[in-house]
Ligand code: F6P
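Below, in structure tokens: the form predicted on its own, a single chain.
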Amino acid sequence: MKIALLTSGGDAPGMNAAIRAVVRTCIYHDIEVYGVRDGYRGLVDGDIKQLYSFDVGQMIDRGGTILGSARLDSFKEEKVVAKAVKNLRERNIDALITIGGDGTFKGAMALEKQGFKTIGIPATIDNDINGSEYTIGFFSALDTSMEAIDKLRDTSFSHQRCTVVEVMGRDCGDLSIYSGIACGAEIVVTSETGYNESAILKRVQKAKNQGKRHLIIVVAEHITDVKELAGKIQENTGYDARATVLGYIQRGGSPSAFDRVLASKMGIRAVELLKEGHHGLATVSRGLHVDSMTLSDVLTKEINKPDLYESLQKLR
């Protein structure tokens, strides 16, 4: 058996740990393993080389991905997918492990439709893969957000400010709600809560009237312009207000212990699934317990995650 692997989409801390686990598990089982550079673009371009144990040394603590990542919109086209399959088969590669988010899994599904075996490993800071309680990179990004918000809280308290912080997460509010609970934010706004500007201003005004020295408001990206919101808070409530967009710093940095362990376990399981003759699956987690689901279920089936919004209401 020969197995290839790639990383695709947005990078996430822990991707390198997953790469390392796949490579070394393959070698343990006497399976040749190949790395694809720059995601599906490298697959189409044929940028594929064999990997060895020493290629993945000294990297478990590194953020990003040593294989590189890129987005390729044309991978939706059958002829482009067919070229990728041709490149793999010309090298006698039997299966592909894809590490990334839902876009990456859709690419894996496209390969499956053309008869090529795949296994997906969920790695995205957004934590938006159905069926997996946690994805690789989520807790590392959470740690980064928490550290940044803690620092903003210090200056917010000193200057009696209302600080509005935009957190990543795309259409999933997990990173925002976890950050809000971890940092003691007074208000958290996500797609799940909805955006009610009038209600937010009333809550901020109430806090000001009660003599609260400062506030932290966490807002998920794509909900509203946080600078405009801060301006309206300052104009209407009497608080000095500032906005901070955390942005891509949440994607970088050394992965947390949780993400290193989760990535390692998922990488091992992905190889073993292929070795057992399974494909068209994705590894999923319940905490640090790793299981698997079909790619189609992961992409379409809604799995409810623990609801933390009630907890936030009790803690504010």
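From 1 onward, residues are counted along the sequence shown. Keep in mind that this is a model prediction, so the values were computed, not measured.
One more form of this protein, predicted in complex with 6-O-phosphono-beta-D-fructofuranose (F6P), exists but is not displayed; see below.
Worksheet item: Heavy atoms within 4.5 Å of 6-O-phosphono-beta-D-fructofuranose (F6P) in the model of the complex: does residue 240 have any?
Response: Contact check for residue 240: no, nothing within 4.5 Å of 6-O-phosphono-beta-D-fructofuranose (F6P) in the model of the complex.
Discussion item. Whether residue 126 contacts 6-O-phosphono-beta-D-fructofuranose (F6P) in the model of the complex should be assessed with a 4.5 Å heavy atom distance threshold; does it?
Written reply: Flag for residue 126 set to yes.
Fill in: Partner contact for residue 222 in the model of the complex: 6-O-phosphono-beta-D-fructofuranose (F6P), 4.5 angstroms, heavy atom
Within the cut-off, so yes.
Discussion item. Taking 6-O-phosphono-beta-D-fructofuranose (F6P) as it sits in the model of the complex, is residue 251 in contact with it (heavy atom to heavy atom, 4.5 Å or less)?
Written reply: It does: once 6-O-phosphono-beta-D-fructofuranose (F6P) is placed as it appears in the model of the complex, residue 251 has a heavy atom within 4.5 Å of it.
Discussion item. So 6-O-phosphono-beta-D-fructofuranose (F6P) isn't shown here. In the model of the complex, which residue out of 91, 83, 153, 170 has a non-hydrogen atom within 4.5 Å of it?
Written reply: Exactly one listed residue reaches within 4.5 Å, namely 170.
Discussion item. Give me the residue from 213, 71, 206, 76 that has a heavy atom within 4.5 Å of 6-O-phosphono-beta-D-fructofuranose (F6P) in the model of the complex.
Written reply: When 6-O-phosphono-beta-D-fructofuranose (F6P) is considered in the model of the complex, the option within 4.5 Å is 71.
Item to complete: Please determine, with the chain shown alone, which of 284-292, 60-68, 243-251, 26-34 has non-hydrogen atoms within 4.5 Å of 6-O-phosphono-beta-D-fructofuranose (F6P) in the model of the complex.
Response: The contacting stretch here is 243-251.
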